[in-house]
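In structure tokens, the next block holds one chain alone, the form predicted alone.
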């Protein structure tokens, strides 16, 4: 790791300022701040995504006027036209990242330029206007600065940041928006999953598909999540907390719920390997996913591979006792072990090792040490 954490994702800054030449971005230097006159009470324990901070960031855009000045204002409801195309046609997207209060009391964002770049890619796919990612990040930094008292002093707590980008086109008809709103809200981040056993049980059924080639599975759009609800609740009927999403006739393993998925096993060639599905257009390029790949490759202790995995391969490996463990990764949960998979009438037991020997524990510790400043790294961005 780098000796300090001030060089956040330098390798990504070359693309961070790319905007449409016909659509100049908003600037953080123009930011206007309107402080709330009635700060809210901060509860100690909350469910994920249920209690929001005192302020929010909004930036309006129109094809006629371009980007307006960014505004930090008291948290409040939005006013949308009933024909707003984000509501009718799903022209919207979002991001998710966290801010951590370190052991030195400094606030850190974890690899935020990866989120900014992914958001820009999603915006391009949704025909929403381009923006300068570094300017948005600076606006978010200022928002966190304003509501910094909401970031808990805890080695397990954090504040969740939700940048959102919606079309505000006030007319019916599927078309490129002529107006849009980019806004950022923040909430307290409690536990995302509630499982007493400590490992998730997944339901794998090919009748539901999360994403497909040529679609938007590699973008963080609300439609990818809303259409998953029916399958998730059906998974509950089988005693499962989440869905293991399969794709194609070979039942390729793609994602677990809203998480990227990893398999730690001895592969068909007898080699120890950490494998995850490749970014082939149906997989979301997760920030935690990329961090795990880079971290474990740096260890150099086993093969780290991006490759297609099928349920046939997994079932065979389980029968031959070649599976060491499986886990999901994401911003909300970071690392989540998988203990069982319900597939074609069988309840497949996935090895779930004790906390002192499992790979998941080691990865989680190294990542959290970076996030909370115990390990200096250029993966963090100081607020």
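Positions refer to the first chain, counted from 1. This structure is a prediction, so every number in the text was calculated from the model and none was measured.
Below, we turn to the form predicted in complex with a further copy of the same chain, even though it does not appear here.
Asks: Counting only non-hydrogen atoms, choose the one of 316-324, 336-344, 30-38, 50-58 that falls within 4.5 Å of a further copy of the same chain in the predicted complex.
Replies: Among the candidates, contact is made by 50-58.
Asks: Which one of 71, 227, 311, 293 is close to a further copy of the same chain in the predicted complex, taking close to mean a heavy atom within 4.5 Å?
Replies: In short, 227.
Asks: Just to confirm, with a 4.5 Å cut-off on non-hydrogen atoms, which of 91, 120, 137, 114 contacts a further copy of the same chain in the predicted complex?
Replies: None of the other options qualify; the answer is 91.
Asks: Does any heavy atom of residue 177 come within 4.5 Å of a heavy atom of a further copy of the same chain in the predicted complex?
Replies: Yes, contact at 4.5 Å.
Asks: Even though a further copy of the same chain is not shown here, does residue 299 get within 4.5 Å of it in the predicted complex, heavy atoms only?
Replies: Contact check for residue 299: no, nothing within 4.5 Å of a further copy of the same chain in the predicted complex.
Asks: Residue 265 near a further copy of the same chain in the predicted complex, any heavy atom under 4.5 Å?
Replies: No - in the predicted complex, heavy atoms of residue 265 and a further copy of the same chain never come within 4.5 Å of each other.
Asks: Can any non-hydrogen atom of residue 146 be found within 4.5 angstroms of a further copy of the same chain in the predicted complex?
Replies: No, residue 146 is distant from the partner.
Asks: Heavy atom within 4.5 Å of a further copy of the same chain in the predicted complex: which residues of 67-95 meet that condition, in order?
Replies: The stretch touches the partner through 75, 76, 77, 78, 79, 80, 81, 82, 83, 86, 87, 88, 89, 90, 91, 92, 94.
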